[in-house]
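Heads up, the chain below is alone and in the form predicted alone; it's given as structure tokens.
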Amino acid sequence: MRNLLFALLGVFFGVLMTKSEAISWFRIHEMFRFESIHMYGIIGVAVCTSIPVFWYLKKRKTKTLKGSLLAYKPKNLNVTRFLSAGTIFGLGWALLGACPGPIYVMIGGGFMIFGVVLIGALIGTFLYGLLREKLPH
């Protein structure tokens, strides 16, 4: 039953991303050229929605799928790390026109070329797992 709920949430996410044009290559490049507020509005709504939802879930002492309490552990502020990671993420997003979430939506929408992007993302995740202990955190 839980898997069905997650599948339905995934479909809802895909429809939402498609209808809001968040998977549009044109909209993404428009955002990075500072020509439109459309994508910034979507990101802002997501942040403003997730803050009270996360607060509510923490207040109710909601548990994760593994059974531990839902918690947020703040990271140490390392400006260099955040700027370099954000730059790499932003460059990938701008060049490809996709960030990790919408890749699946784009493939589901029939844009099969994003299968190459998905493979690259999976390889990058695998390499990070291999190199994690050697990287500064």
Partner chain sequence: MQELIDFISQPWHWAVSGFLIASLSILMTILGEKFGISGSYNAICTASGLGKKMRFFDRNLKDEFWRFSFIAGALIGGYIAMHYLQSDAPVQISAKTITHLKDWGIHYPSSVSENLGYLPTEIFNFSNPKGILLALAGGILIGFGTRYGEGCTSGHAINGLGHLQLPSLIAVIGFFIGGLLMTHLLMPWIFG
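Rigid core here is just the name for the largest C-alpha set that superposes within 1.5 Å across the two forms. Computed from a predicted structure; not experimentally measured. Positions refer to the first chain, counted from 1.
Heads up, the form predicted in complex with its partner chain isn't pictured, but that's what we're talking about next.
*Asks:* Given that the partner is absent here, does R60 sit within 4.5 Å of its partner chain in the predicted complex, heavy atoms only?
*Replies:* Because no heavy atom of R60 falls inside 4.5 Å of its partner chain in the predicted complex, the answer is no.
*Asks:* Could you run down 53 to 75 and flag each residue that has a heavy atom within 4.5 Å of its partner chain in the predicted complex?
*Replies:* In sequence order, V53, F54, L57, K58, T64, L65, K66, L70, Y72, P74, K75 come within 4.5 Å of the partner.
*Asks:* Honestly, after the rigid core fit, is F54 moving at least 2 Å at Cα between the shown form and the other one?
*Replies:* Result for F54: yes, a 2 Å-plus shift.
*Asks:* Would you say whether G67 is displaced between the shown form and the other one, judging by a C-alpha shift of 2 Å or more on the superposed rigid core?
*Replies:* G67: C-alpha displaced by 2 Å or more between the shown form and the other one.
*Asks:* Is it true that F34 shifts between the shown form and the other one by 2 Å or more at the Cα, once the core is aligned?
*Replies:* Comparing the forms between the shown form and the other one, which are aligned on their rigid core, F34 does not shift its C-alpha by 2 Å or more.
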